[in-house]
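What follows is one chain in structure tokens, specifically the form predicted on its own.
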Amino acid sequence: MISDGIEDEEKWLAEGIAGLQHNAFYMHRALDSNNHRDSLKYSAQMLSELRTSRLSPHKYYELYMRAFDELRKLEMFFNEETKRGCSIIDLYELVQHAGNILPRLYLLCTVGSVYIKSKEAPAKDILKDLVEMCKGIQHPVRGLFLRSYLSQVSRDKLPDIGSEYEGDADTVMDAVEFVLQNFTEMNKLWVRMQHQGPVREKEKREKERSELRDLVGKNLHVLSQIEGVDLDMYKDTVLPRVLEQVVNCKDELAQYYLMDCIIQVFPDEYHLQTLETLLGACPQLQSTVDIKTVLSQLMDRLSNYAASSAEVLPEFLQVEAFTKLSNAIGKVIEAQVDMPAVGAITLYVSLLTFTLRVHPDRLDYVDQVLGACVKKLSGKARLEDGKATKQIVALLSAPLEKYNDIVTALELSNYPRVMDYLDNATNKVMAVVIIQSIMKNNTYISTSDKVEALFELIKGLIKDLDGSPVDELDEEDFKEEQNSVARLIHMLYNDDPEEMLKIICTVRKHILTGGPKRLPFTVPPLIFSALKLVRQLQGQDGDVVGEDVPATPKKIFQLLHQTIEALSSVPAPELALRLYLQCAEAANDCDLEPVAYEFFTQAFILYEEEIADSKAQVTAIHLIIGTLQRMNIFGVENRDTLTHKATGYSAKLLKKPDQCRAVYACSHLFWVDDQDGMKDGERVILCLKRALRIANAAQQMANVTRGSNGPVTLFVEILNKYLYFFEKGNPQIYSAAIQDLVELIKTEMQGDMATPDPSANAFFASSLRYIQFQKQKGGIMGEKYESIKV
């Protein structure tokens, strides 16, 4: 059925074009022979083809354009005739004898155009005559195209300022009146189109109407091009008349399109000065009109106008643009109770963009916009609509992009309230955006109040919202989010120790609510931030009583102890142990022996009770030995206790090679270069001999289990320890012992049971070269090495 209709329409169009071309041929013949009557007769018959009602607007337009081309030729002919003395008045009378009204009016418009050009009568009288007579065609499609033709032929003949048709009797007001009248009639015809034909074809008619909208809109474009339409005339006459027509037509399509046209074709300066009038029409439009898009476009244009030059900004203040726009949006949202959330938020995004461009210094205006958005969303659950969520993100991102400073955004009381309406996933995305802004602009947050406000904004990353489990999130995404929080903690800083301690307490309060999965990411940066403060306060001391005591290292260490203890809920014993050792080292630098000893005690307790994995034990014991070796604060008793513990645990590691390495590492606990009281050569040699025994045991176990000796790497490592302490002047290390060890390694390597190991061989060869180098170097060291034969 549809294809049949299309074929029929194509056939009717072809018939119309054929009839038009046929009569156009005879019209041209009459023109060539200078026969006025025949030329008008055939032109009228040609134009009769436009009387059809069978074509859709799209097809009718094709037919109209062919007729238009022929009429242009007819107009040129009449122009030439008037120059040769033909009476244009007689011609104007003659065309009115055409039998049918539609051809008659097309010919009248054509000859009327020539009549105006001849200046034999005032342009305003002819224009008024034509625009009135066109009322004779009330068929919507035929009437629209006829009036479009009238607009086309008259647009360059309007009595405008500077125009050749401007005279005493012809004023700009007459030109404006003509265009407004033609616009009004065209709009009525366009609106009436929706009532033509059966109801079932309503959608098709709306589509056809949409295709014809530019015919109506061109009138507004012509109005905007009239030089004489200054601000006063626009304000007093043009805008009120156009808006009256827009409001009264009560048609959704027409109202939306015409409001859009007004905003697009007239200058921004005019919009600014007539803002109240323009905005006053918005609540009067049909409730189904997409007014949010219209207002958004208006605000976008005004924003760009404000951004174009600083000189125009006082005009915005003068007309109180923000207040008017804000009130208008409020009225529109109030009037359109069914407006979806996305529509309202889009309006507030545009208003906020306008505010940030025009009044960047008025944070109260920015907060007012956010507050209005909160009011609109109040009573609603969190947004699930993707488009609405996207607009909220745009709303929240705008101040960040404008000010490049989160500190400014933190002053907006309604900012976190808007964020609360985001779903959990988007809330996190927005929180990451905020952190990225801080990192990108290198913004330091320097007061505990601002930190409190900031953590309220990013709470979606800090803790689970509404009990939503963190397991739902992709592991990589979760790590990236928590790493961004960790980076943020380092951007919270104040030179004043008191304020810095408050910041640390605020951060601690928030991150401890994060649950076991987040703590391993967020506790370490907090600990290191606090240790930075400790080193800043290094040397200060005093007993801590109450909460109001000034920031002291002791007070901070208490906080640190409690914070690291929280990791037990994870559990993360390896991480906690590392942090305890970091704190112990800081306490050592602050000369706080009891505090340092307590941190070491906690580290050992973790090692004993929590760390069961053999690899983790190896790492942990080496960390403990390394940290303990650097400590210089302990008295003899405390140090002996801790070193005894370290050596004891070293010898109890699961694998013999691990035992060996840990035990020889303990030798450094008894010989510290820069501490005279810490050079116990006897205990060093005991550690090294014990390590040798363990290495021998490892070799024997390898022999039993694999039928061959293991690699000699452990012996070479112990040899290097012997060389180290030998050079440091340990009186218990003799060259003979080194010689024996060298011989032992050679024997092991050359034995039948030896396992080939290129890396161990290279290591041993390098060690021998070192001994040879020291011998050749001479001096005191050379003499010491002289007796060792390699």
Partner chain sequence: MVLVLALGDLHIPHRAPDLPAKFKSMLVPGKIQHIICTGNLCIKQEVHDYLKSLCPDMHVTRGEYDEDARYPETKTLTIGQFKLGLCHGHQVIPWGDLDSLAMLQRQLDVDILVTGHTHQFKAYKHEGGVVINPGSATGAYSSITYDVNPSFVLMDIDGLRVVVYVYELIDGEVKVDKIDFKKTATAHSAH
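In this text, the rigid core denotes the largest set of C-alpha atoms whose superposition between the two forms falls within 1.5 Å. The shown structure was predicted, so the numbers you read here are calculated from the model rather than taken from an experiment. Numbering follows the first chain given and starts at 1.
Same protein, other form: the form predicted together with its partner chain, not shown, and the subject of what follows.
Taken together, the three residues N483, T713 and K721 all lie with some non-hydrogen atom within 4.5 angstroms of its partner chain in the predicted complex. The chain is drawn here without its partner chain; in the predicted complex, the stretch among 519 to 527, 285 to 293, 264 to 272, 205 to 213 whose residues come within 4.5 Å of it by any heavy atom is 519 to 527. Contact annotation: A18 falls outside 4.5 Å of its partner chain in the predicted complex, judged by heavy atom distances. For Q194, no non-hydrogen atom is located within 4.5 Å of its partner chain in the predicted complex, even though that partner is not displayed. Among residues of the shown chain, S767 is one whose heavy atoms approach its partner chain to within 4.5 Å in the predicted complex.
Although the partner is absent here, W12 lies well away from its partner chain in the predicted complex, with no heavy atom inside 4.5 Å. Proximity to its partner chain in the predicted complex, defined as a heavy atom within 4.5 Å, singles out one entry of A586, V358, M186, V349, which is A586. The partner is absent here, but in the predicted complex a heavy atom of L579, alone among C373, L579, V114, M430, sits within 4.5 Å of its partner chain. Residues from 619 to 634 that approach its partner chain in the predicted complex with a non-hydrogen atom closer than or equal to 4.5 Å are T619, H622, L623, I625, G626, T627, Q629, R630, in the order they occur in the chain. The rigid-core alignment places the CA of E565 less than 2 Å apart between this form and the one not shown. In the core-superposed comparison between this form and the one not shown, the C-alpha atom of L768 has shifted by at least 2 angstroms. Core-superposed comparison between this form and the one not shown: CA of Y26 displaced by less than 2 Å.
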